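Let's start with one chain on its own, the form predicted on its own, as structure tokens.
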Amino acid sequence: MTYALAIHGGAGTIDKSKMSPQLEKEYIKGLEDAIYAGEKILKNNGSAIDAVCAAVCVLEDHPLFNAGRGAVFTSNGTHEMDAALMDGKDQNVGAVAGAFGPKNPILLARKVMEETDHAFIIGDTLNDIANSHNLVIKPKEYFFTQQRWDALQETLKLKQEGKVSDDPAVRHGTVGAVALDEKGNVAAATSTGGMTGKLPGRVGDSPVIGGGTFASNQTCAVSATGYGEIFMRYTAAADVSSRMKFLNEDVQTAATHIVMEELLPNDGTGGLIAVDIYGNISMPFNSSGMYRASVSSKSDLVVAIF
């Protein structure tokens, strides 16, 4: 049997000219920590679900990535976080939107999947679920980062001037993981703070099953990152699986087609990660870069940004 794991920390947010050696080192370290956390579970015959949750939790805890602690601000200066988890074994799902307080939104999504009769929950009920299952809750100060606050102020200033930022970081930023375990099961997890300066209540593709997250033991697991409105409209994650299932495409062909031929011509900048049921990994993107890493029982660790 084989295992495989891929992670991403967002696509399209990277300007190489502004990437100092120290900052690049910090991003690489964050990606390495996340991939090692997931791989440790898979190496010990753990489940794909456990592996993707472990990897995403590390990224949610890192202030440089737009999820959990590093989540961007809404136009009101608040945080609203989205996350989704999907098990390819039975296509069971858990998704949350507009969450604030739980340290790790992906674990909240898992509680929705495993402890409720529902697939997707929003609103005040989320904190009730978090509290009833002893998830760690953090105060608003924990989620404040100066970098994200400054980005919000710039976005609001441009809006007042009737302008829109040409920095893709404003509408990009997600973390995710996909895995295949040694029992042959795949899983996908995606978590995000959303879009800088978004309207309160806005939900992107990350928690939308088929948009930014999908997994099926018939084909593959997918986690996307990019301009969420476009990824939802083109059901990006599910269509990778559909092309494999109905056109008999391999995961690399299917994933690349969606990113380059479906999304890019329609302003869908970003990328995705995918792993098929044989342990093959694809990580295409159509932007300036994508924070990403992968490893499997048959391939060495790859960590890259550009």
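These figures come from a predicted structure and were not determined experimentally. The first residue of the sequence shown is number 1, and the count goes up from there.
The next section is about a form of this same protein that is not shown, the form predicted together with another copy of the chain.
Candidate site formed by Tyr27, Tyr36 and Gln146: none of these residues places a non-hydrogen atom within 4.5 angstroms of another copy of the chain in the model of the complex.
In the model of the complex, Val208 approaches another copy of the chain with a heavy atom inside 4.5 Å.
Another copy of the chain is not drawn, but in the model of the complex it has a heavy atom within 4.5 Å of Asp90. Using a 4.5 angstroms limit between non-hydrogen atoms, Ala119 touches another copy of the chain in the model of the complex. Residue contact check for Ala238: one or more of its heavy atoms lie within 4.5 Å of another copy of the chain in the model of the complex. Here is the short version: of Ala83, Met86, Ala224, Leu180, the single residue with a heavy atom within 4.5 Å of another copy of the chain in the model of the complex is Met86. For the residues Asn131, Gln153, Thr78, Thr125, the 4.5 Å heavy atom test against another copy of the chain in the model of the complex is passed only by Thr125. Remark: of stretches 269 to 277, 58 to 66, 240 to 248, 45 to 53, the one touching another copy of the chain in the model of the complex is 240 to 248 (heavy atom within 4.5 Å).
In the model of the complex, the residues of 189 to 211 lying within 4.5 Å of another copy of the chain by at least one heavy atom are, in order, Met195, Lys198, Leu199, Pro200, Gly201, Arg202, Val203, Val208, Ile209, Gly210.
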